[in-house]
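Taking the form predicted alone, here's one chain by itself in structure tokens.
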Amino acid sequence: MATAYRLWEILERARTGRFMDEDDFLPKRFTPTLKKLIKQYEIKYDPKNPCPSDDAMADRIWQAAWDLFRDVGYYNTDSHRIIEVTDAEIKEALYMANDQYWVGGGKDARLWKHRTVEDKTPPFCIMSPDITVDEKYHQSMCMAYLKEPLLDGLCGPILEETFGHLIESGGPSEISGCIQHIYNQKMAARLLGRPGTFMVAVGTAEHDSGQIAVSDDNWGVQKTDSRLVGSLTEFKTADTLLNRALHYAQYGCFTGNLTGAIYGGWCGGSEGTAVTTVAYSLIGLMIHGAIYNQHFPFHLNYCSNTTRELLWAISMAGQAMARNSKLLYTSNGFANAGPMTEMLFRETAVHAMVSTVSGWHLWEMASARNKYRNRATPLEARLGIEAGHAVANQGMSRAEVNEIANRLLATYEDHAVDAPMGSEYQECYDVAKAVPTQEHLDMYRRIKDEIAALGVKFPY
């Protein structure tokens, strides 16, 4: 489906659907339904296997997710109405969905297609720091990521200031910051000889007006690029988000659906997080007209997804979608540790390997729990994506990845709470040249050798 699904019918339901008080939606509709479906479909988390090999469980998770979306719907916090869909509509949307797209432009265009469980085709790899960065480092960081050869797409760092002014949502400073963001990102790509690189932009935009302001095929976000529409956790939207979905569809760029099911919140544990993640892909397809879904399920307390309870949910959700649909979806890593720490490299590698063998594409890597300014570098993303390519190229099985994941988890999972903060970008990269320091590069190579010794055959 190259266009939004029944766009105006869906938008009409956001105004005319069943009324419900917002305070009742999650405790009285969403969570009870989810709990019932987990029990009905006998979905059970297994802590010994962060990367399970259970096809039957994956299929049951898919069906539970389908039922969850159909039975609960999607709540509009502005109108207090529920957008509801039928089984027939879900089937129609899935039938019409495309399993591949060419994204980016010219010589830099890349084919992005659906992957299967234990697929030998390497994942499509979007690199993103997923953090805010000082204005003076923004273009350098964009260039540092764009220097990575395995990068298929870039989601650039986020600005909090523009020309010394704090960016305020919905105000003139946000529009200025969004323009500055895409200019820096596009200029970095041009300077490095990759002008048509697929961009996911712009993360600086918090309000719909910021996104609309940068839609321009000459200097801004082009039709060969992508934009994201977020969800309000759990299963909620708002008019400002629906405005984005409408604008992206009418402008003609690629729409992505951004979701983060919360482990320990309304989803409950690993089982509910997996089911909700899959359901969000159906929501992205039908409500937002998304060609792909960008998922970052995370732990309520740790704000990460590299511990075994989240890895299990990521693996099972990926397998469920891979086996039962032709959708595109990326697994966004959220690590506990910060840059230039051994723990971060290990977390990233485990997340990438488990995701890849389970049918995901990769979106790496949010370091230091996605909370601290300037704390991300391309080097951790590089190791994760190289690990993902290795898993695919050598045809690793889920059982093989599960064994390696357990061995690497033993080195860091006890430190999820007190993970090291690491260093800021400018402390482990030469800002002027946008290259890693020797100390940072040496650490990356040391951990890469450690992982290779576990049986991972890196491409180079």
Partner chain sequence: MSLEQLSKFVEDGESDSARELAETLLVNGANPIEMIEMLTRTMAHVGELFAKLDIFLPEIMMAGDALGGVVKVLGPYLEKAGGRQCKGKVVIGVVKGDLHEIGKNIVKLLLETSGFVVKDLGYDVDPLTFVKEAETMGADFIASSSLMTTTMPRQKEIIEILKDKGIRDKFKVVIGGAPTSQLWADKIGADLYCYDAKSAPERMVSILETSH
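Positions refer to the first chain, counted from 1. This one's a predicted model, so the numbers in the text were calculated from it and none came from an experiment.
The protein also exists as the form predicted together with the partner chain; that form is not presented, and the subsequent description refers to it.
> Between T116, N243, T233, N98, only one gets a heavy atom within 4.5 angstroms of the partner chain in the predicted complex; which residue is that?
Of the candidates T116, N243, T233, N98, T233 is the one lying within 4.5 Å of the partner chain in the predicted complex.
> The partner chain isn't shown here, but in the predicted complex which of D134, D108, E168, E92 has a heavy atom within 4.5 Å of it?
If I apply the 4.5 Å criterion carefully, the residue I get is E168.
> Though only this chain appears here, would K36 touch the partner chain in the predicted complex if you measure heavy atom gaps against 4.5 Å?
No, K36 is distant from the partner.
> Classify T31 as contacting or not contacting the partner chain in the predicted complex by the rule of any non-hydrogen atom within 4.5 angstroms, answering yes or no.
The answer is yes: T31 has a heavy atom within 4.5 Å of the partner chain.
> Consider H207 of the chain shown here, and say whether it contacts the partner chain in the predicted complex, taking contact as heavy atoms within 4.5 Å.
Within the cut-off, so yes.
> Please check if T77 has a heavy atom lying within 4.5 Å of any heavy atom of the partner chain in the predicted complex.
Flag for T77 set to yes.
> Which single stretch, out of 385 to 393, 168 to 176, 344 to 352, 119 to 127, brings residue heavy atoms within 4.5 Å of the partner chain in the predicted complex?
The contacting stretch is 168 to 176.
> Can you tell me which residues in 294 to 310 come within 4.5 angstroms of the partner chain in the predicted complex, by heavy atoms?
Result: H299, L300, N301.
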